[in-house]
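Considered here are two forms of the same protein chain, supplied as structure tokens in two stand-alone entries, structure 1 and structure 2.
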Structure 1
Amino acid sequence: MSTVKVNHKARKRAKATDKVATVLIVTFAMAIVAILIGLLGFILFRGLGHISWSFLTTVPQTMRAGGGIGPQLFNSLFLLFLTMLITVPLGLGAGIYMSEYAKPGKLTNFIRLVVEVLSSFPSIVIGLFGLLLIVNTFNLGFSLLSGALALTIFNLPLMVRITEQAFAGVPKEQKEAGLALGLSKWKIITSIMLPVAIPSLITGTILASGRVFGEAAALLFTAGMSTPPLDFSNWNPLSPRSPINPLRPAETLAVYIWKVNSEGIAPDATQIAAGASAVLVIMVLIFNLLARFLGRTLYRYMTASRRMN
């Protein structure tokens, strides 16, 4: 009798604990969603009214009202392209090596430790390192390429860790099936493991891209705080006025927002900063949606899920 009562009390206590834990988890989740919606709503409410085609395509004004963000918007997108062009292959290669080729041991553990330490470095430190090494020692000057290399240092640990975890998360049975069919290790990686890992890799790419869009501190010391007059009819990458010249200085949208907020003297500096912030948020949201759509399409195309649907 006493044993039945004890079991009944234990079940009631477990149910009560489960209810409390569920309420806490749901509360925390809703709080995060509310903070995110509030933040997005505040930025978009302040900035959407200032966005127009003229605002997106014209050059900024220092003293007069009515300036735009055209060059800064293009610089942000081009810098994202350059950074991901360097970061993704390096991150994928290093992550695949750490997951599939590196032998467990002190050396591998040390490399993982270095990657984790590097990922925790403040962006301002990465910027100063880029100023000393990339800008001055390599003599690349304040340029898009210097900024892309600094952001690669910033984002590479994230891509390596996510790639390693994505490949480590592939079911062991799928890898063993490839070995049983006599496939080479590289064939197993590219044909079996890579398609399964694609959703996680897309997530890592989105996270890295978001840091590129929003980064300002590291770019102050590498990409610079100015943009030369751009000629969008000149697509010679060696021309100083060409938009696609990677060796020209480039002020990105995040840097411009910081500069306008801190030292802007235009009469509508506050509205410009609010509009530019809204554009930056919208860019990140659109990029996330496009990247997720591309990831789902690639996953369906490269795996059997396409035939099952």
Structure 2
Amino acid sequence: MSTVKVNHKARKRAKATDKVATVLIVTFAMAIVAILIGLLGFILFRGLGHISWSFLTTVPQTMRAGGGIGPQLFNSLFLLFLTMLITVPLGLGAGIYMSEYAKPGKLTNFIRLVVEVLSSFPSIVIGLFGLLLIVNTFNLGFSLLSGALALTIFNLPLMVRITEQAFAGVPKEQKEAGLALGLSKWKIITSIMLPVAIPSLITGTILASGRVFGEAAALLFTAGMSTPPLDFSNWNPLSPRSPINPLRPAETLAVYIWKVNSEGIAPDATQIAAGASAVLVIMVLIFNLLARFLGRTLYRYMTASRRMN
């Protein structure tokens, strides 16, 4: 009889503890959600009021109010394009090697370690390395190209992982069908596996783009902290005033936000920072939604799943 009583008590206590714990977990989780939504809302709320067509297109002012972020926005997009132009082929190749050619062994383990270490390097260290090797030794100076190369180093491990996962997700039967047809391994990779892997490759690449778009620390000492006066009617890539000259210095949006916050002397520096932050967050949002949407659409379009459903 007594044991039953004790069990009963213990059970009651366990139930009470369970309730308390549940309430605590829910509170904590809700607190996080509130914090995160609050911060995101704050950024958009503070910044959206300052965003206008002229803010997005005019040049910044150092001393007067009313400066825009036009060149910075262009620099960010162009730098992203240059970076991806270098990163995608390299990352694709290394990722394909890891998923299709690498044999389990010491070398493969070493490469895996390399990718892991490279992906956890602080971006400021990559920036310093860029300053030393790309800017000074290769003599590329503070330029878009230096920035793109530094960002390539920053982004490459992620691209390799994305490729490896995308290829690992290709059904084995498709590969075997190719082998049975007597195709070469490379032919199987490029014409059978690549199309199947493309949806997740694109999703991953767009998400990686969002990360590159907002990166600043690796760019301070590679792409530089200034932009020469640009002439947007000059499309000769060799002219120093041309926006598409890869050898000109270029301050990106993220770098500009940092600079305005730490040494901005324009009277509306806070509003500019708020507006620019909102633009950055909105761009990341767009990248995310685009990645989700394209991933889903391409998957339906390029595989047989539409017909099966």
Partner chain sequence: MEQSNTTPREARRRAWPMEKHRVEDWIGKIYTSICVVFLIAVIISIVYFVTSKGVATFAVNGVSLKEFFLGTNWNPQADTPSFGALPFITGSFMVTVLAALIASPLSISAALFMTEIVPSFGKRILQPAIELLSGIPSVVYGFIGLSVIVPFLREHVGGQGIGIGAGALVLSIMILPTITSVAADALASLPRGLREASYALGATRWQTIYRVVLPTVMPALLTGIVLGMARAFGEALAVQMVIGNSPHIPTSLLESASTLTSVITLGMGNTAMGSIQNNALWSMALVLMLMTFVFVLIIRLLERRNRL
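Throughout, residue numbering runs from 1 along the sequence of structure 1. The term rigid core refers to the maximal set of C-alpha atoms that superpose within 1.5 Å between the two forms. What you see is a predicted model, and the numbers here were worked out from it, not measured in a lab.
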| item | value |
| --- | --- |
| Selected structure - the one that is the form predicted in complex with its partner chain | 2 |
| C-alpha of G38 moved at least 2 Å between the two structures on rigid core | yes |
| Core-aligned CA displacement of S54 at least 2 Å between the two structures | no |
| Per-residue C-alpha deviation between the two structures [T17; rigid core superposition; Å] | 14.2 |
| Core-aligned CA shift between the two structures for L290 (Å) | 3.7 |
